[in-house]
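Below sits a lone chain in structure tokens, taken as the form predicted on its own.
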């Protein structure tokens, strides 16, 4: 099986962009990614609206197949590339911090709602999701979705690994001073679970936050295939299934687990 060439779009910097501006950025990035042979493009958490939108979250939220979502689908189909993007999703009266994966033909492949909400802003603005493992097939690879804070919980990533996820796509809005999450914790999660993690962050000041950048494709062998700096950036790297198989043979954490010893000690 050929590697899954993965593009990460880090940004935008500055004040939250309008949905129209975000779609323009996405159009350009999808074209660049496709030209470099990428099969999936991963954007940041709340990419379509910006993260620091405060009380406007409910106003900006739309359904999975709302107007902006349909335009993302057309962008994916026009460039023949899958796109994973973050946005506020409306479902009745509830609003979720969500990520959607559309395929290279524009069809919806997977929808995920953030299960671990970070801080007072998110807990006030969003309803937490209740489904931990969401997956889809892409070019023969099993890909999964988490959002930002979710990946910091070892149980969340381990659940994906045990369910067969090979490439975990993580739209992110990691703030300063938590840079260690990207530089240390995310590569560790990839290594201890034998998976690739595509971690796409926002960057620069936005509202009351300063986003850290440092997007990365972390490999199952403890290496980082690509790493961004602090500013707006575009990365392309391969998630290679051969590397995954070799890493799991070399360090068989999943095979050597003894879950019968853990159950009574984990809440």
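If you're wondering where the values come from, they're calculated on a predicted model, not measured in any experiment. Numbering follows the first chain given and starts at 1.
Below: the form predicted in complex with another copy of the chain, not depicted.
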(Q) Can you work out which of 241, 222, 66, 31 has a heavy atom no more than 4.5 Å from another copy of the chain in the predicted bound form? (A) 222
Q) If you check 152, 122, 139, 111 against another copy of the chain in the predicted bound form, which one has a heavy atom within 4.5 Å? A) 152
**Q.** Residue contact check: residue 24 to another copy of the chain in the predicted bound form, 4.5 Å heavy atom
**A.** no
Q: Check whether residue 129 has any heavy atom within 4.5 Å of a heavy atom of another copy of the chain in the predicted bound form, and answer yes or no.
A: yes
Q: Give a yes or no for residue 185: in the predicted bound form, does one of its heavy atoms lie within 4.5 Å of a heavy atom belonging to another copy of the chain?
A: yes
Q: Examine residue 133 and determine whether its closest non-hydrogen atom to another copy of the chain in the predicted bound form is within 4.5 angstroms.
A: yes
Q: Tell me the stretch among 139 to 147, 74 to 82, 92 to 100, 189 to 197 that has any heavy atom within 4.5 angstroms of another copy of the chain in the predicted bound form.
A: 189 to 197
Q) Can you name the residues of 157 to 182 that have a non-hydrogen atom within 4.5 angstroms of another copy of the chain in the predicted bound form? A) 158, 159, 162, 178, 180, 181
